[in-house]
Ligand SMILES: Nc1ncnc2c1ncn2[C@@H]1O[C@H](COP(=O)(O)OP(=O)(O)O)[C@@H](O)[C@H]1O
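First comes one chain, alone, set out as structure tokens in the form predicted alone.
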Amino acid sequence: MIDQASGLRALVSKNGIHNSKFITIASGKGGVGKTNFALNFSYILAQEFKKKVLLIDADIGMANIHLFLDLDPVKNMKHLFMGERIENIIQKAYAFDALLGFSGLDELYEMDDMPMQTVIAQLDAVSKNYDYIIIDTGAGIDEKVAAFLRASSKSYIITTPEPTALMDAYALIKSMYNMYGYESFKIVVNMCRDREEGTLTFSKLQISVNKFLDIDVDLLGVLPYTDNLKTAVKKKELIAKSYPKDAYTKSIRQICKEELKIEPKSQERFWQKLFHFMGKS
């Protein structure tokens, strides 16, 4: 057992992440289109820009991306913590890969160091095979969402022009900054009548963040309201696949282009940081 533990630690050290860019997607409240953004963003990066993408459903308790991707929900992250090999859990979804569930993540607090080292080693090893790892967290802010944000070098915050959504987005940013000093946020304003409404919404958020927190946030993109998104959701389809010429799809495509302009940053030991922030060594 000692030799096995030593070998896993060596693997973790050797396989520090050099090629992957982690992006955590969060929102201050539910119903702002966070998961739809994560799904279509992943699809366009992989399908149109030929990037290797892994989408992780980290919405604990409300994991649902399998519904849009026609994947087997039984194969999920919980089984990784039960000893299953990660290559048997990751599933192919269109042009990208998906890791479902995280429904068993609460159980990590009861795990001893040996199984946790095994989990971390597997996650580290597989992560370096991807250009982007997109993490769709739960809505709001709790210790698990905070851990994903803190471990990421960059986070996308999804909001809408609705006053409560804007207020909750600010509350999330405020909490992360005041509690952890985290300030790497990019903002996506969804469900806008037009570009002007989106930029005005962002300006309101930016002014509050500047004034009360003395930090800055960037506007990543504005997504228009579209009935085609409702249609795609009802059919459990991706709008980017079913309606490639829709304004919503075009806007996410532009966000992908902006993201691709940024030189990928090495983010070693993401998973070690994540579980450390969750209280595991």
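Everything numeric in this text was worked out from a predicted model, so none of it was measured. Numbers follow the displayed sequence, beginning with 1.
The form predicted in complex with the ligand is left out here; the points below concern that form.
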> From the list 32, 255, 44, 58, which entry has a heavy atom within 4.5 Å of the ligand in the model of the complex?
Replying inline: 32
> Which residue, 201, 190, 152, 127, has a heavy atom that falls within 4.5 Å of the ligand in the model of the complex?
Replying inline: 190
> Does the ligand get within 4.5 angstroms of any non-hydrogen atom of residue 36 in the model of the complex?
Replying inline: yes
>> I'd like to know whether residue 49 contacts the ligand in the model of the complex, with contact meaning heavy atoms within 4.5 angstroms.
In response: no
> Would residue 230 count as a contact of the ligand in the model of the complex, using a 4.5 angstroms cut-off between non-hydrogen atoms?
Replying inline: yes
>> Under a 4.5 Å heavy atom criterion, is residue 225 part of the interface with the ligand in the model of the complex?
In response: yes
